[in-house]
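We begin with a single chain expressed as structure tokens, specifically the form predicted alone.
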């Protein structure tokens, strides 16, 4: 069965490489009806604007409204329900409230780094969506090193956290920044190594080909076809990636960098008004980016029956968001020493074991 899966994946990936997906900028350029650098630039900007706004709208719904409603459901409380139907207008109310507050700048901050840090976080997350295949023709670019690109730009967020902590002239902010670096180093290595096991199966770093390699049937049970998503092919890698991903986005039990009961709010303690909004925005976009990477690598990307591909893509990343909110309500935070021990002594060893086992299986079959 595994040999058949590997051959099917290789065949599908080769077919995908021959045809290639239709990218959103190419579609827009066709609508504009022109050729040349100017049309390419304009179509690229329009496509990026569309994808960025889709993610910003989902983040606006997730942060002020969905997070509160989901947490209230888990903890048997009543969330926002007064402002608009189902409390939905709290999104507008919170935006006006936060953006209209005074931007308080503490004394002796390193102003250039302090100003840039809130911009780096959401920018790095949005940049990661440039190569994610969202289905229904929504993909900005499809380079051969797409997976490496996603991890590279997502890791830029760590620089923003360090800038915020260092520049704030606050020991609690600096402590949160140092924790974030220790956490990201400890869990980013297992995250990348686990993703490498998917690359071994698919034989490519190109995101569209990784999705294409998961389109065939893995097994049929009682007439029901189960797709060969890598979550089914290698569930151990899926669980490892899920845990490391939770640490990378800083969700419970790994919300160590901001731990409000220990270090006030960590790296973002000294930020208010629009800068706080940007940090909040970056945090939730990174959650959706983590869900998008998981959906692409292990859950077939936008693949799914009946509904359009983009709808399935949104369902999958919102399912990951729901899981993070469940963890936030149900799983206690680990201590910093426990977090480091889990990362270096547990996740790193298990991720290498998974990589070696995957390489042996694929090597024997090939």
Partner chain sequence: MSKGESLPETTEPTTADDVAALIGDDLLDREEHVNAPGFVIRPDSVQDVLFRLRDEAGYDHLSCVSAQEYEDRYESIYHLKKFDDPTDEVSVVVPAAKDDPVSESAEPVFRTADWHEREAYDLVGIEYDDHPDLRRILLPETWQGHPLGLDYDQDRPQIVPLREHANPLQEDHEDDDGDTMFLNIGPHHPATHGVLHLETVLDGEQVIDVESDIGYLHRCEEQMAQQGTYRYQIMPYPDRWDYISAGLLNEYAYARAAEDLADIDVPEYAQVIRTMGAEMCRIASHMLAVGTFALDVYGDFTAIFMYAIRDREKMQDLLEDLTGQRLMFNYFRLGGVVWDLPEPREEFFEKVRDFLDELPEALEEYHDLISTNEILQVRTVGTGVLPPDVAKSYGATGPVARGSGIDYDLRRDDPYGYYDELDWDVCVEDGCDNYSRLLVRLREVEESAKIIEQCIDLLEDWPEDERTIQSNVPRTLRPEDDKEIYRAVEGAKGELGIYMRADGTDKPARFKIRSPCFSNLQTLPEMSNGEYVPDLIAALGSLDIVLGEVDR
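It should be emphasised that the depicted structure is a prediction, and the values quoted were computed from it without experimental measurement. Positions refer to the first chain, counted from 1.
There is another form of the same protein, the form predicted together with the partner chain; it is not shown, and what comes next is about it.
Participant: Does the partner chain get within 4.5 angstroms of any non-hydrogen atom of residue 253 in the predicted complex?
Facilitator: Close contact exists here: in the predicted complex, residue 253 approaches the partner chain to within 4.5 Å, heavy atoms only.
Participant: I'd like to know whether residue 150 contacts the partner chain in the predicted complex, with contact meaning heavy atoms within 4.5 angstroms.
Facilitator: Judged by the heavy-atom cut-off of 4.5 Å, residue 150 is well away from the partner chain in the predicted complex.
Participant: Taking any heavy atom pair closer than or equal to 4.5 Å as contact, tell me whether residue 286 reaches the partner chain in the predicted complex.
Facilitator: Contact check for residue 286: no, nothing within 4.5 Å of the partner chain in the predicted complex.
Participant: Residue 303: heavy atom within 4.5 Å of the partner chain in the predicted complex?
Facilitator: No, no contact at 4.5 Å.
Participant: Of 27 to 35, 311 to 319, 50 to 58, 337 to 345, which is the one stretch near the partner chain in the predicted complex, taking non-hydrogen atoms within 4.5 angstroms as near?
Facilitator: In short, 337 to 345.
Participant: I need to confirm a contact call. Of 188, 216, 262, 115, which residue comes within 4.5 Å of the partner chain in the predicted complex, counting heavy atoms only?
Facilitator: Going through each option in turn, the one that passes is 262.
Participant: To verify the annotation, which of these, 140, 126, 175, 91, has a non-hydrogen atom within 4.5 Å of the partner chain in the predicted complex?
Facilitator: By the 4.5 Å criterion, the partner-contacting residue is 175.
Participant: Relative to the partner chain in the predicted complex, which residues of 317 to 335 have a heavy atom no more than 4.5 Å away?
Facilitator: In sequence order, 328, 329, 330, 331, 332, 333, 334, 335 come within 4.5 Å of the partner.
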